[in-house]
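The form predicted alone is given below as one chain in structure tokens.
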Amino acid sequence: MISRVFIRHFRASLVDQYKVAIVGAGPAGFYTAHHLLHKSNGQPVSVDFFDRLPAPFGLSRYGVAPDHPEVKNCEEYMENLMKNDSYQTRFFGNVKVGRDITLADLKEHYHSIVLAYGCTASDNTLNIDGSDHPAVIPARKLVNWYNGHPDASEWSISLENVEDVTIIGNGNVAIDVARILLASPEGHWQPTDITSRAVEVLRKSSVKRINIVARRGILESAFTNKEIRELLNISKESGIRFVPIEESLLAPLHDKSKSLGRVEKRKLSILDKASKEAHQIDDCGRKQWGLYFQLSPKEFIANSENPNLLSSTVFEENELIEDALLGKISAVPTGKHTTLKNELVILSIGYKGNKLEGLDELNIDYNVKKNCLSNNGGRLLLRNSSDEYLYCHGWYTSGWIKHGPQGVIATTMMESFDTAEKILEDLANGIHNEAKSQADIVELLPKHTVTWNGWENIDKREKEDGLIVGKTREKLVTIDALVEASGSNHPRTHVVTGRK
């Protein structure tokens, strides 16, 4: 066996200061920066974050459920970077890369550019009858609304005439949405950082039943065991009934339980136990929810009395077929149909990414089929005139835009660390973008740029407002309100080294 030990030495004589730009200040961005700075062995590396929103933290702030504050602890990674005076880090919020400044501008000013801007620009859709009905909404829109995302600042929903909700898709986002609709607005949600406008809507909600529907089987469920166990526990505590899973779906799995992996066994055990306990609970007057499998939506039926509501959704039943060679499970339609009553449908079937303006001009490839930037281990690829893929030196990606919208924040952390390793390896070997400009990028930033000091002002304001109404924070939900609270002057009026 041949083993090789790599010792990283930067070619400091060639570049006085390696300047890194990270587009996106969410978990992928700040995990990449954390690893980059911690593993640079004291070499001169500075990091500038650019984010289209005035507030940092991305999916942690705007995607994680309000009752999961422990998940938001990841934000400490960025806070520690910005507060550590030994690191040269800056935050430029409310800056749209591609518009306010261009990718070409970043190429002129930085040795390494990391695109970590996420993959939640739009939603996957269903091409079936009724899919354009106003009562068919993407989960992303609902999540943005209750988490105070500025993109949803003018969007609203009414649940006063909604009794039955169908959620299509059964990943963790679907479970979050179910919890939002079922748990007590006062006892469960009010103390969190959910927006007050969302709490008011939930107080007036008439929702009594939620159907969570998936096209494949129980073992193929996208939710984690932790998430489904949490929803079941909250249901017990709140007197909400779990609708038992059909025995015809559970029984075949018992026969093959010995061959299942540890996670699958645990999932089956959780759902089997919950179903058995549910048979002992009456459903009289209780809120309830259930998991439904092997169903594909075929048509959304409009309500004849209220044009803003549905009456039901028609599903086609599926049969699960296993490829004996590959072990892959496929859902095959049977031609049989079933109907679920619902006034509202929430689609939780995945997100789509987007190309930043200026990628084409740089010949950086975006893989539409895979829903991510074309890359090899985080190194971005460009396509030349001969349709060949080549490395785009100095350009990288991390997070969902690296591999598509999948995985939890812990997964993002490890993959972002890997991208940072690639950057360090390349810098150590003198591989980087040739930054031609010696000027500071702040000269090109718009007047409405929010600095880290500005974010600290926002943070203080939201926590003070939250204290008044008994919440951890009261999020400001519009760009204008965030910028006003930041009190930020243009960053060129501040000291531009370090965290300012």
Partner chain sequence: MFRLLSRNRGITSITQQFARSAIPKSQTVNSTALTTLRMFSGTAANLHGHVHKPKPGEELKVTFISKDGLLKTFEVAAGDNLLDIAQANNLDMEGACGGSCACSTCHVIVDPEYYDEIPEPDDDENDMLDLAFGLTETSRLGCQVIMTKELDGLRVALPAMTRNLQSKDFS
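Numbering follows the first chain given and starts at 1. This structure is a prediction, so every number in the text was calculated from the model and none was measured.
One more form of this protein should be noted, the form predicted in complex with the partner chain, which is absent from this view; the next part is about it.
Legend entry - Partner-contacting position among 369, 262, 279, 336 - heavy atom within 4.5 Å of the partner chain in the predicted bound form: In short, 262.
Inset, instruction - Heavy atom within 4.5 Å of the partner chain in the predicted bound form: which of 215, 188, 149, 107 fits that? Just give me the one. - result: Comparing distances to the partner chain in the predicted bound form, the residue within 4.5 Å is 188.
Legend entry - Heavy atom of residue 226 within 4.5 Å of the partner chain in the predicted bound form: Answer yes; at least one heavy atom of residue 226 falls within 4.5 Å of the partner chain in the predicted bound form.
Legend entry - Contact flag, residue 413 vs the partner chain in the predicted bound form, heavy atom cut 4.5 Å: Answer yes; at least one heavy atom of residue 413 falls within 4.5 Å of the partner chain in the predicted bound form.
Inset, instruction - Evaluate residue 74 for contact with the partner chain in the predicted bound form, applying a 4.5 angstroms cut-off between non-hydrogen atoms, and reply yes or no. - result: Yes, residue 74 sits close enough to the partner chain in the predicted bound form that at least one of its heavy atoms falls within 4.5 Å.
Inset, instruction - Using a 4.5 Å heavy atom cut-off, state whether residue 237 contacts the partner chain in the predicted bound form. - result: The answer is yes: residue 237 has a heavy atom within 4.5 Å of the partner chain.
Inset, instruction - Go through 252-260, 307-315, 122-130, 417-425 and give me the stretch that gets within 4.5 Å of the partner chain in the predicted bound form, heavy atoms only. - result: Heavy-atom contact with the partner occurs in 417-425.
Legend entry - Heavy atom distance at most 4.5 Å to the partner chain in the predicted bound form, all of 69, 266 and 471: Yes, all three are in contact.
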